[in-house]
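The chain below stands alone and is given in structure tokens; this is the form predicted alone.
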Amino acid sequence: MSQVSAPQDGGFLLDAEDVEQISRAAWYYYNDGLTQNHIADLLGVSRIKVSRLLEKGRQTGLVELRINSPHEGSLRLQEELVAAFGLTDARVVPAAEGLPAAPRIGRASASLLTQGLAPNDLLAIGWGEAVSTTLRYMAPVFPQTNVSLVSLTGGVSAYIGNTGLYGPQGFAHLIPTPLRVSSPELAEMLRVEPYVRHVLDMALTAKTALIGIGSVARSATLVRYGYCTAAEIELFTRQGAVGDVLGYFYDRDGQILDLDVHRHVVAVTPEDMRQIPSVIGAAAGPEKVEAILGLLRGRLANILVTDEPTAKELLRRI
């Protein structure tokens, strides 16, 4: 059985099962705020066992103020996702019935970014609820690390005000347009306008990007914000769309469809986004499975943050 050496306990060794259980218990306790009794029920162990797992995590350095394992959540599922879809990394949040997915995915994405971003880095951000939720958890980090933000699309200012980031700060470079405008001619004019062009070009210099994965459900974020109607979403679905990234709709193989709506979008194109070395797609839920599958098949992201039920369904559908 493979073993992981813990960094702070004089040669103390944890096997893979230990790492898995400690990571799950720590996630539930520190990130989800569950009681040890609740965690014991989820893991099928005693409350005393949970207490010992948390203590062992602290003693070995696996757990500090955050979950310090590179395998937060489910190690086995993360490894299977990486292997199945050719990813460079993955994070799988442990299943917890009754807890909403969005804040848990946001916390996982924020943890991944906090560990990966260096001081003075540039983080490119896309459109969507997952991005907005992640940024809320990261709001205190940016001033401390001097990490700057740059938007991949217009329209980000519509929701970034809810994150605590929007305002006089100089570290957020946002495209000052809607995501979708009224005509292809206007979209083209805006794309070549000097400041917009500057932000679009800057986004492609980032080493890391965080993007949402849009579904084609009637409740999709694009519909809620008024960028698409439910009737349009139904039409795009009939034309083969399973999801969208940066406002561009793609099919089950991740190929961008030839839709007129794309000529109205002010955003970095998915093809240009491939220049960014690490593109993190964040999403979970049964309504997102088809969209995530298409995104991964099309290599539109190389890192995935999701939850355990979604990960299992993705692997079942290969």
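The numbering used is simple: start at 1 and walk along the sequence shown. Heads up, when I say rigid core I mean the largest set of C-alphas that superpose within 1.5 Å between the two forms. Since this is a predicted model, take the numbers as computed values, not measurements.
What comes next is about the form predicted in complex with the DNA, which is not displayed.
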If contact means a heavy atom within 4.5 Å, which one of 264-272, 48-56, 250-258, 279-287 is the stretch that engages the DNA in the predicted complex? 48-56
Contact flag, residue 36 vs the DNA in the predicted complex, heavy atom cut 4.5 Å: yes
Residue 38: after superposing the rigid core, is there a C-alpha shift of 2 Å or more between this form and the one not shown? yes
So with the core overlaid, does the Cα of residue 28 end up 2 Å or more away between this form and the one not shown? yes
A 3 angstroms or greater change in CA distance between residue 103 and residue 54 is reported in the predicted complex. Closer or farther than in this form? closer
In the predicted complex, shift in Cα separation for residue 29 relative to residue 144, 3 Å or more: closer
